[in-house]
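Encoded as structure tokens, the following chain is the form predicted on its own, with no partner shown.
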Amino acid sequence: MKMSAKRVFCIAVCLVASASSPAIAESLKSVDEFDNVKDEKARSVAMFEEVGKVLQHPRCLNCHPVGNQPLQGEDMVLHNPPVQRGPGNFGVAGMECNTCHQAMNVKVTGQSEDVKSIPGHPKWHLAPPEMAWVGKSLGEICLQLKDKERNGNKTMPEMIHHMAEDTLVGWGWEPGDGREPAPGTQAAFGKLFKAWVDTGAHCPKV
């Protein structure tokens, strides 16, 4: 299949780190594993800390940066090419996110050992600035998720649906060749998030 000049450009410059990262969780505990924590507040906090294994994973943080440039790779380097947030968080004219990121992951062969695939989703874009998580403690992220002014104006039931069902969130578990997936599964993550809400949505200390 013949590639367009634009696609060749994207492959040449969109270097996504594929080296494994130390200390990245590979699994999630189930909700049932927190039954032995009898104090409800403590159980709620403990479950959010488990949720945090996903929220603070590079698959999530790379699209929740502070500033106007996404990050990439397990080492969370600045996106290359140096794209900018642009209107609506979809990039600037001529360098919109969908210039390179298509509706699904695209496997790449014969270009570079570092580039095995280009991420894709129909709504690929940066999280809004008010949803920046990079550099923040888990407690700070927790408070953001409960604040409608910083969570996309979502109620907690809407947040549960977002975490458990949204396919862009789900990309984190199917990130394409050359990337470490988020720990566990989206289903397990969604159940933990709901259980956290159901036990009072208590946050770790900031």
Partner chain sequence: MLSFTLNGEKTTFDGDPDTPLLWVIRDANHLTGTKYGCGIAQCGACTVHVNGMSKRACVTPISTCEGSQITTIESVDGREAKAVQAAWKSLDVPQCGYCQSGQIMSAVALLKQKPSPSDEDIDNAMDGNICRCATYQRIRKAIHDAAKEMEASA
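Values in this document were obtained by computation on a predicted structure and should not be read as measured data. Positions refer to the first chain, counted from 1.
One more form of this protein exists, namely the form predicted in complex with the partner chain; it is left out here, but the text below deals with it.
Triple contact flag Met156, Val169 and Gly184 to the partner chain in the predicted complex, non-hydrogen atom at 4.5 angstroms | The answer is no; none of Met156, Val169 and Gly184 reaches the partner chain.
Is Gly94 a contact residue for the partner chain in the predicted complex, using a 4.5 Å heavy atom cut-off?
-> Yes - in the predicted complex, heavy atoms of Gly94 and the partner chain come within 4.5 Å of each other.
Taking heavy atoms only, is Val106 within 4.5 angstroms of the partner chain in the predicted complex?
-> Val106 belongs to the contact set for the partner chain.
Does Asn89 reach the partner chain in the predicted complex if we count a contact as any heavy atom within 4.5 Å?
-> Asn89: no contact with the partner chain in the predicted complex.
Might Gly135 be said to contact the partner chain in the predicted complex, defining contact as any heavy atom within 4.5 Å?
-> Taking the distances in the predicted complex, the answer for Gly135 is no, it never comes within 4.5 Å of the partner chain.
Who in 77-108 is close to the partner chain in the predicted complex, meaning a heavy atom within 4.5 Å?
-> Heavy-atom contacts to the partner chain in the predicted complex: Asn80, Pro81, Pro82, Gln84, Val92, Ala93, Gly94, Met95, Glu96, Asn98, Thr99, Cys100, His101, Gln102, Met104, Val106, Val108.
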